[in-house]
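Below you'll find only one chain, the form predicted on its own, shown as structure tokens.
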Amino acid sequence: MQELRDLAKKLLLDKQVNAILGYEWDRRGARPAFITEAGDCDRLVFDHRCVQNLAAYLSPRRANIAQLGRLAVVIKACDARAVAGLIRENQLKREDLVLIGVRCGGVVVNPSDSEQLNAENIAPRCVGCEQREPTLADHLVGETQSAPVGKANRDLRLSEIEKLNPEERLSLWTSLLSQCTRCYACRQVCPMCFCERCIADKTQPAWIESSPHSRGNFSWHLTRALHLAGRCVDCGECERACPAGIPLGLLNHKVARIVASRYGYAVSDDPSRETPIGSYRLDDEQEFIA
């Protein structure tokens, strides 16, 4: 993508930024790349294999990256929602970033997949996505993309689960979450997990058991899902990174549907938009404490 490379070179040569955060190829496919020299900008690429949400690198917990100074970041629409969330929650300052929006028609599940994007290999979160380009961007590059098409249908899968009785649903999720190894890959790749000390790491008192058994796993994943209520940007990184293949995106999607139904709110790339957890109304329902 020459347009992206030329823009990156200009930003570095004009000293508008100290580094470019984008994508490059290696033997395993697409991977994140930090470019600090204009001559290295030819390494930058973007296509359907660039699955990673680069906003995860902008978390203030990554002090080594913050030391680079002002960054230009390549963002898809879902990545832009994460950037907006970090700004909204006072983890970033908008003026410290140059956002390079890329038009996206969907990404594959696996960044090493060399096949063209199709209905079989498209990431589940891309099916039904209505946003081809981010609005929170200083520059926009790439050709206009059509809406992605795929066989994965999370709403249909959720409908099937909702038809189960409570005992069956509990059994299903207990079985799925019991596969968790507590590696915390989901936490590490999530752009909205930026606590200096995660509740799962606290031992005095120990809020969540750290051993990978059913009780501790259930507590960890439900706590994390609730922490992401109204905040999850649906980038799918947690599910992609999970070595056990747990459908974490399905769980987060369910919580997002509840937030949308109850509060009329969906995560957006507008940093000024108030979130349910950050606002209060006198007519908020409180039946849960009755």
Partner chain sequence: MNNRRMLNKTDFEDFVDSLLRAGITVIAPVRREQGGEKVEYRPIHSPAEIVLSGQPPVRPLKEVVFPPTEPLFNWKQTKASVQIEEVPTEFKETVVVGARPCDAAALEIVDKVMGWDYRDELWFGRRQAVTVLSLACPQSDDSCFCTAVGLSPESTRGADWFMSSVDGGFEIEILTPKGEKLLERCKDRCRETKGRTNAMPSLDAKVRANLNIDPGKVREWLEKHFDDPLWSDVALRCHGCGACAFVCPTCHCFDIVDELDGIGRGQRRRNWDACQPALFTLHGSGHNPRKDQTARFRQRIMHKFNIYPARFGEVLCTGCGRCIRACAAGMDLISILSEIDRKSAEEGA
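Numbering follows the first chain given and starts at 1. Just so it is clear, the structure is predicted and the values come from calculations on it, not from any experiment.
Note that the form predicted in complex with its partner chain isn't included here; everything after this is about it.
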Given its partner chain in the predicted bound form, answer whether the residues 157, 172 and 210 all have a heavy atom inside 4.5 Å of it. yes
Could you tell me if residue 59 has a non-hydrogen atom within 4.5 Å of its partner chain in the predicted bound form? no
May I ask you to check whether residue 31 falls inside a 4.5 Å heavy atom distance of its partner chain in the predicted bound form? yes
Is there a heavy atom of residue 241 no more than 4.5 Å from a heavy atom of its partner chain in the predicted bound form? yes
Please determine whether residue 245 contacts its partner chain in the predicted bound form, using a 4.5 Å cut-off between heavy atoms. yes
For the chain shown here without its partner, which stretch in 77-85, 94-102, 181-189, 141-149 has non-hydrogen atoms within 4.5 angstroms of its partner chain in the predicted bound form? 181-189
